[in-house]
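For reference, the chain that follows is the form predicted on its own, supplied as structure tokens.
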């Protein structure tokens, strides 16, 4: 435990130093990077929760985000419900959808191995994409709200204000999840199941109920992410697709069950992307940097493991 705390302190110090250096060198990249990294963290947290406790590799993660965007668009277009107000219904709709999918499909492959899980969730992903194309076609849609285009000018910099909701929501969701996992009986049971499912069953914890609730909560968080993204994100069948791989990358960097690491890693990678995009002629290299850092972290961890 003491070793973990020391490691966390070192990580936080390095993270803060990194932000300070970038803030002095490229302040605009720092701002945009924190905004973008907050979004990566918000979307990555539910995947980390599922992987850390349920142990399912969900390749349809980004497609459920897309589905949430379409549902939010319907709320806005048909009933004039503001995207941020639709956060609550989207949470419960995706929560209910998560319960259905877990009960009908996911529960049956929990012990079937990662390959079967990947094939199942890949199939779900394809079904969602094709259903979206059939129902809504491939025509892009968008939602306009006046507050989403607000900005502030600092010196010679114009900064969009709405995107600060991404890191704010990521921090809020992280705090709520930590309180849930540490302060509630169900959350403590979920933590126990994530660490040792067989041991949890021995002491009387119903692992199936825990998996169902955790899986559904993660889906609900995807709905929250969709609601805050909607005013600034075009809605089309592949809107959420890029976030699947980036969420997996964040989880791989942070480590299973490390929710705090998702926030730190998301912002770090968001800032790194923003730095690359701020260099003329290198805008298209941002994804290469993202996954390049991921590979470096994995190799570094593999190099250190034998020594531990």
Partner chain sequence: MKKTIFPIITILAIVLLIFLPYFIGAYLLHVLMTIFIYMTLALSWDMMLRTGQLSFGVAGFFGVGAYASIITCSRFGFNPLVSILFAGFFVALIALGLGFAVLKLRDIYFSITTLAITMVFSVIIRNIPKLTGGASGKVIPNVIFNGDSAKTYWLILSLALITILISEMFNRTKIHFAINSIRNDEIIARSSGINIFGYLLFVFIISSALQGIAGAIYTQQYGFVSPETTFSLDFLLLPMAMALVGGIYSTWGSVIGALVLGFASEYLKLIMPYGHLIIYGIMIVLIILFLPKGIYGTTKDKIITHKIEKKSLSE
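Rigid core here is just the name for the largest C-alpha set that superposes within 1.5 Å across the two forms. Given the structure is predicted, the values throughout are model-derived calculations rather than measurements. Positions refer to the first chain, counted from 1.
The same protein has a further form, the form predicted in complex with the partner chain, not shown here; the description that follows concerns it.
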Selected contact from 118, 168, 186, 84, since only one has a non-hydrogen atom within 4.5 angstroms of the partner chain in the model of the complex
118
Since exactly one of 74, 126, 88, 176 fits, which has a heavy atom within 4.5 Å of the partner chain in the model of the complex?
126
Can you check whether residue 51 is within 4.5 Å of the partner chain in the model of the complex, heavy atom basis?
yes
Any non-hydrogen atom of residue 114 within 4.5 angstroms of the partner chain in the model of the complex:
yes
With the partner left out here, check for me: in the model of the complex, does some heavy atom of residue 285 sit within 4.5 Å of the partner chain?
yes
Might residue 122 be said to contact the partner chain in the model of the complex, defining contact as any heavy atom within 4.5 Å?
yes
Which of these stretches, 136-144, 205-213, 220-228, 189-197, has heavy atoms within 4.5 Å of the partner chain in the model of the complex?
136-144
For the partner chain, considered in the model of the complex: do all three of 248, 291 and 295 come within 4.5 Å of it, counting heavy atoms only?
yes
Stretch 26-63 - residues with a heavy atom within 4.5 Å of the partner chain in the model of the complex:
51, 57, 59
Core fit, then residue 295 C-alpha moves 2 Å or more between the shown form and the other one:
yes
